[in-house]
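One chain is shown next in structure tokens, namely the form predicted on its own.
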């Protein structure tokens, strides 16, 4: 395996773990963490695909990853604020979202 295949492969593994956690875990906080894993996996795939064998990287996927990091942090903050608000209104809803 080459070093160029390591980042996309690790990204696919992390993305798969995040999607699995997002689908199978009922607790809202673990769903937010799984969403973060999914975003990290997608970022790893994009960074891995941006590498060029002759050296250097493509700057467009790097810019997309930076933008994705900002969006993921904002979405996480919003989700945590909504979970905190929901736990004050209905404490039982946070434990199980089924």
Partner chain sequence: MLGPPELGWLVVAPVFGAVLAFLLRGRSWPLVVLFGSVTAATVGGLVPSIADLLRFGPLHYRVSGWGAPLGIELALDGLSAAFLLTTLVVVATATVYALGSLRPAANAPATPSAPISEGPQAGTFWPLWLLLWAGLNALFLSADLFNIYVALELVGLAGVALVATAGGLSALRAAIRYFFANGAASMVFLTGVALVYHAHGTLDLALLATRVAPGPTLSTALALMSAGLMLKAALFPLHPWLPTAHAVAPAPVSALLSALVVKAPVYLLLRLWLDSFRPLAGDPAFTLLGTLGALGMIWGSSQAIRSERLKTLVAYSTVAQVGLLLAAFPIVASAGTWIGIVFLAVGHALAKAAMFLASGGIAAAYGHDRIREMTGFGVRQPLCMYAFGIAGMSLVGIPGTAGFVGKWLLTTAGLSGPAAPWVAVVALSTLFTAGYVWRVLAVAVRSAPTPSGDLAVARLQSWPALLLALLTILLGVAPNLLGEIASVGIPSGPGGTMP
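Note that the coordinates shown come from a computational prediction; the quantities given were computed from them, not determined experimentally. Numbering follows the first chain given and starts at 1.
We do not show the form predicted together with its partner chain, though everything after this point is about it.
Under a 4.5 angstroms non-hydrogen atom cutoff, its partner chain in the predicted complex lacks residue 10 among its neighbouring residues. The closest non-hydrogen atom of residue 14 lies beyond 4.5 Å of its partner chain in the predicted complex. Shown alone here, residue 6 lies farther than 4.5 Å from its partner chain in the predicted complex, counting heavy atoms only. In sequence order, 49, 58, 60, 61 are the residues of 47-61 having a heavy atom within 4.5 Å of its partner chain in the predicted complex; the partner itself is omitted from this view.
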